[in-house]
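Only one chain comes next, encoded as structure tokens, the form predicted alone.
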């Protein structure tokens, strides 16, 4: 966890800081799993058309790779934009 997130919590007892740190870690793990599950579900629904084989055919495999790349690029861009907005909001005018 990023320790700067706890910067405003300096006045809390150490036990409370540890509890907050644990809660933040759990939320980050939950959000990562949600993103992964969303990626898998979206790409599977968009790309897999039949269940005739145990493996993906070449077209499905290409579709899944392209879908995953787009999803991850989009997620990274949203994260960067959020950070830009957050940084702009925290600087005094």
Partner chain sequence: MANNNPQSGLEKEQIFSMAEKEMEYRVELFNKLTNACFNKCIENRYKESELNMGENSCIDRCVSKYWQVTNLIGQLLGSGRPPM
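Superpose the two forms; the largest set of C-alphas matching within 1.5 Å is the rigid core. Residue numbers count along the first chain shown, from 1. Note that the coordinates shown come from a computational prediction; the quantities given were computed from them, not determined experimentally.
The next section is about a form of this same protein that is not shown, the form predicted together with the partner chain.
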The partner chain in the predicted complex - contacting residues of 51 to 81, heavy atom within 4.5 Å:
51, 52, 53, 54, 55, 56, 60, 61, 63, 64, 65, 66, 67, 68, 69, 70, 71, 72, 73, 74, 75, 77, 78, 79, 81
Does the distance between the two CA positions of residue 18 reach 2 Å or more between this form and the one not shown, the core being superposed?
yes
Exceeds or equals 2 Å, Cα of residue 54 between this form and the one not shown, core fit:
yes
